[in-house]
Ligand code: GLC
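This document starts with one chain, in the form predicted on its own, laid out as structure tokens.
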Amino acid sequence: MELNEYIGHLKYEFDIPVSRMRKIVREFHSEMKKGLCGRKSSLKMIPTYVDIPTGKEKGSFLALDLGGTNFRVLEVKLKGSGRTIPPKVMKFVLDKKRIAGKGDKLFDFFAGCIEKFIKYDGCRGPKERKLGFTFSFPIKQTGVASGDLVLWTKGFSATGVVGKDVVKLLEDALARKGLDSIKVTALANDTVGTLIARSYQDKDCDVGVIIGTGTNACYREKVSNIKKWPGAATPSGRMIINIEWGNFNKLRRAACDIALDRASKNPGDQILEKMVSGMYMGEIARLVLADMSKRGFLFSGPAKKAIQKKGVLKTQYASEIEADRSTGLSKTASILKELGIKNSTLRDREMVRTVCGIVSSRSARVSASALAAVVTKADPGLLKKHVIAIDGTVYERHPTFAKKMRRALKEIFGKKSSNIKIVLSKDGSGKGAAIIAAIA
């Protein structure tokens, strides 16, 4: 196979034309409906027990926002009328030892961070404080403030947590720290928090999306359509559904997708996430480049060995390479040197940038297809205005992702795509958990 033939085949494997995007929408709808009925589906469609806020909620609330290895403790003050005071925030980082260790030690660490926030950040308030817990992993919600972890994602593997109520684990850890006065009154996914935070000030917001290290979405659904829901209807007749869309599996995969999945900690799971999210995009590009190198299309000498190392090409690097417009792609050359790939040729660098662009384009178009399905589940004719609250490093920081995603939506809907307004809701997940605590 010649290089031009290889690139043509690669583009074909990764291409998602409008016909395939529409097919994804149809299959996504089918999985959504099955999930809402409690039938076997790749989409869990988890009821969250809450709907959007009224905007009148007031008070001071704490929040623990766990989205990945970086997490935050916040104090959020709600003023009513959709207004908030900028929150106080402390950021923390989890190391590999904690995310792969014992679960009780992990939750002890969270409790210690909350204690540090209260002690050192001048956080004042009533003796009993309400806390909203944003827990951005698949959970089976059993109440507004209770839910069992279904499985770890994003590289987490702490023992003794899967199948357990994560709120109970956090409350036990708080008790061990002597922080019994803190009551966890709400549990939410980061997408739910993002939707709630935006809808507090914008009633047209009905979908929340995260496209970062991981990816997921939620939306408002009629309670009458949630056939597996055993409880009574909410006052509004609607409820936010946590889709867990990262597990959607009705997608055509390339050879590198299959290889990545087999080498992952959760083979067979999170298929959409492994095509879309920041945790995997760089590795997909690396697998393609490694294959090209083996075939003699790319690099020479020690560089061939460097690109074979798993995880060496982070998504951040792939993003910077795609954005490179420097003379001779000198920025790309510097990045490749950091990865151990020295003396790359201009042709090498151009190929690397091409591959990074192909990977991000597919990611954006898969994301747009899933979003199109979510919006049209509630509004098949796309007759109303819909505000989509999006957060996550890929959507926010990737140089072309947001533009590619919007272009794909226009291909699917034409002029009606103007009824979809995408708003970056930065750091909304923690604020949203605090608002849910206020609702609760």
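Numbers for residues come from their place in the sequence shown, where the first is 1. Bear in mind that the values here come from a model prediction, so they are computed numbers and not experimental data.
What follows is about the form predicted in complex with the named molecule, which we do not show.
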Only one of these stretches, 249-257, 211-219, 194-202, 98-106, has heavy atoms within 4.5 Å of the named molecule in the predicted complex; which one is it?
211-219
Distance check, F137 to the named molecule in the predicted complex, heavy atom within 4.5 Å
yes
Is the gap between Q270 and the named molecule in the predicted complex 4.5 Å or less for some heavy atom pair?
yes
Determine whether any heavy atom of K154 comes within 4.5 Å of a heavy atom of the named molecule in the predicted complex, and answer yes or no.
yes
In the predicted complex, does E322 have a heavy atom within 4.5 Å of the named molecule?
no
Counting non-hydrogen atoms within 4.5 angstroms of the named molecule in the predicted complex, say which of D348, E283, E244, D206 makes the cut.
E244
Members of 95-118 lying within 4.5 angstroms of the named molecule, judged by heavy atom, in the predicted complex
none
